[in-house]
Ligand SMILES: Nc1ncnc2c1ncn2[C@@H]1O[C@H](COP(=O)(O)OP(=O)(O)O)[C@@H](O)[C@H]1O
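Consider the single chain below, provided in C-alpha cells and representing the form predicted alone.
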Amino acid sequence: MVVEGVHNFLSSAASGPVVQARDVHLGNSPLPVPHQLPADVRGFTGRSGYLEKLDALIPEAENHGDRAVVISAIAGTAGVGKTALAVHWAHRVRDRFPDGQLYTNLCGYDHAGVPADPDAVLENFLHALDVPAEKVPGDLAAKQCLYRSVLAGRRMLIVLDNACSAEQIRPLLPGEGTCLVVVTSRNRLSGLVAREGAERVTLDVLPLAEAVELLRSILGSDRDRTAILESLAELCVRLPLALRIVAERAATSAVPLTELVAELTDERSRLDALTPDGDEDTTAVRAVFSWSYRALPPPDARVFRLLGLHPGPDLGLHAAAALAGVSQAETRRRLDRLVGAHMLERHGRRFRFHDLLRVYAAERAHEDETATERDAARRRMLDWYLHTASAATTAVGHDSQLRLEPVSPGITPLTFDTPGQVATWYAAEYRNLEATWRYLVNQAWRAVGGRSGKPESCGLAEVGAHTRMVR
C-alpha cells in the first residue's frame, strides 16, 4: 500500500530526490506479484542463439548494483517473430524474477495506428503494483517517480512490446538495475542504444532447417514431405508469421501443399495466400506490413513503394535515386531510414527487399501512385541504366550503337575510365540489366530513351555481351 501523504510529496518529486521504496510501502506488507505475460507461443522452435544471448543478460542484471537497468531491444521486420521470442524467453526465465513480470503492448505498429501513451501505460503498471487509483498522480513526471520508487529493490522483468520509438519507452524504464527490461520494435531504437546502453538483438528470418521444423510442428512429422516443406519455407522467405499462416491453412482446411506452393509461386496471389482462412485480416502478412508502412514518414513511404517498381533483385544508390527522382544525398537518408525501420535490407553498398516485402512494395506503388507517376519513375530508372550502359560499352572499347536523347534532369549516370571499372559495375548489376531487359521485352516499351523503336534497340543486351568479356 502507499503511505498517506505520498501524493503531496510527489507533486514536487520531479525536481526533488528520488522517492525510496520505504517511503512508498507500509511496514512489511507484501506487494503483489504481477504475472502479466501473454500465453507462451505454441510450437515455438529454434532461435537457440537468440535465447542464449538473452539468457546472458540475466547475470548482468543481477550484478548491476547501482548501474543502469539492462535493456534488450529486439528489432526486426514485421512478422519475424519478435514478440514470440520475447514472450517465450520471458516464460523460460520468469522464475529468475520473483517479484513478477509486467507486460504491455505499446501498439507502435498496430492496425489502429495510434501508439500507446506512456502516461496511460504507467498508470496501468502502478495499478498492477497495487497503487490505489486515488494515489496515482496526474502528472507524467510524478507517475515516473512513483513507478521507480515502487520498483526500487525489486527483481522484476518488464516486457515492452511493439514500441515505436525510444521516446515512448523512456518513461517506462525503472531507475535501478535490479529489473530487466525487454523491448521489441520494428525500429532499430538507436537512441535507446546510445543513451540508455540498450543491448540490441536484431532478429532475422529463420534458417531453413528451423523454418521446416516450424512447419512440421504444425503439420506433423512426416519426413517424406521435407522437399515440399523446404519449398514452402523458401516461398514464405522463412518469415515465421507467413510460415504459421501457411501451415494453419494446410492443417485446418486440407489445402494440399502442392496447391499452396503453386499459390505462393505466383507473385500476384502470394500475399493473398498468406491470409488466414476465416480469420480477421489483422493477422495477414499484408496487414502487418501495412502497419509498418503507415508509420513511415510520407517521403520514406514514397521511396519504399517506388523501389517496388525495380525489376531486379537489388539496387544501388544511383538507381534508387533515379527511381525516386531526388538527389543521391536525400535518397541515402531515406534508404537509411527504411533500413532502420526494417522495411529494407542493406548488403554492403546494395539494398534489397525480402521477397514478400518486395511484392508488398509493388502493390503499394500500384495503389498509391498514379499510372503517370509510375511510368515517370520507370523512365527515370531506365534512363539511368541506358546512359550508364552506353558509357560502359564505350569504356570497354566498343562503339555503342545507342542513340540516346540527353539525360533527363536530375539523373546522374555513371562514367568509367577503365575496363576494370566496367567489370566491377557489371558484376554488381548484371542481374539487374538482365531483369530490366526482360521487363522491356515483356512490356513492349516504346519511346525508350526518347525515341520510338523495339525493345531490342535499348542496347542493354549489347553492353552485357561486351562487359562479360572483362568480368
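Remember, predicted model here, so these are calculated numbers, not experimental data. Don't overthink the numbering: it's just position in the shown sequence, from 1. Definition used throughout: the rigid core is the maximal C-alpha set that superposes within 1.5 Å between two forms.
The same protein also has a form predicted together with the named molecule, omitted here; what follows describes it.
- Leu335 falls outside the set of residues with a heavy atom inside 4.5 Å of the named molecule in the model of the complex.
- By the criterion of a heavy atom within 4.5 Å, Arg352 is excluded from the residues contacting the named molecule in the model of the complex.
- Within 4.5 Å of some heavy atom of the named molecule in the model of the complex lies at least one heavy atom of Thr83.
- Taking the partner from elsewhere, Leu160 is found to have every heavy atom lying beyond 4.5 Å of the named molecule in the model of the complex.
- Only one of 70 to 78, 315 to 323, 189 to 197, 141 to 149 places residue heavy atoms within 4.5 angstroms of the named molecule in the model of the complex, namely 70 to 78.
- Checking Pro174, Pro137, Pro118, Pro240 against the named molecule in the model of the complex, a heavy atom within 4.5 Å turns up for just one residue: Pro240.
- This chain is drawn without the named molecule; in the model of the complex, the residue among Gly43, Gly49, Gly410, Pro32 with a heavy atom within 4.5 Å of it is Gly43.
- With respect to the named molecule in the model of the complex, the three residues Leu214, Arg244 and His342 uniformly fall within 4.5 angstroms at the level of their nearest heavy atom.
- Superposed on the core, the two forms differ at Leu356: its CA moves 2 Å or more between this form and the one not shown.
- Relative to the superposed core, Phe289 undergoes a C-alpha shift of no less than 2 Å between this form and the one not shown.
- Distance between the C-alpha atoms of Arg352 and Arg188: longer in the model of the complex than here (change of 3 Å or more).
- In the model of the complex, the separation between the C-alpha atoms of Arg170 and Met343 grows by 3 Å or more relative to the displayed form.
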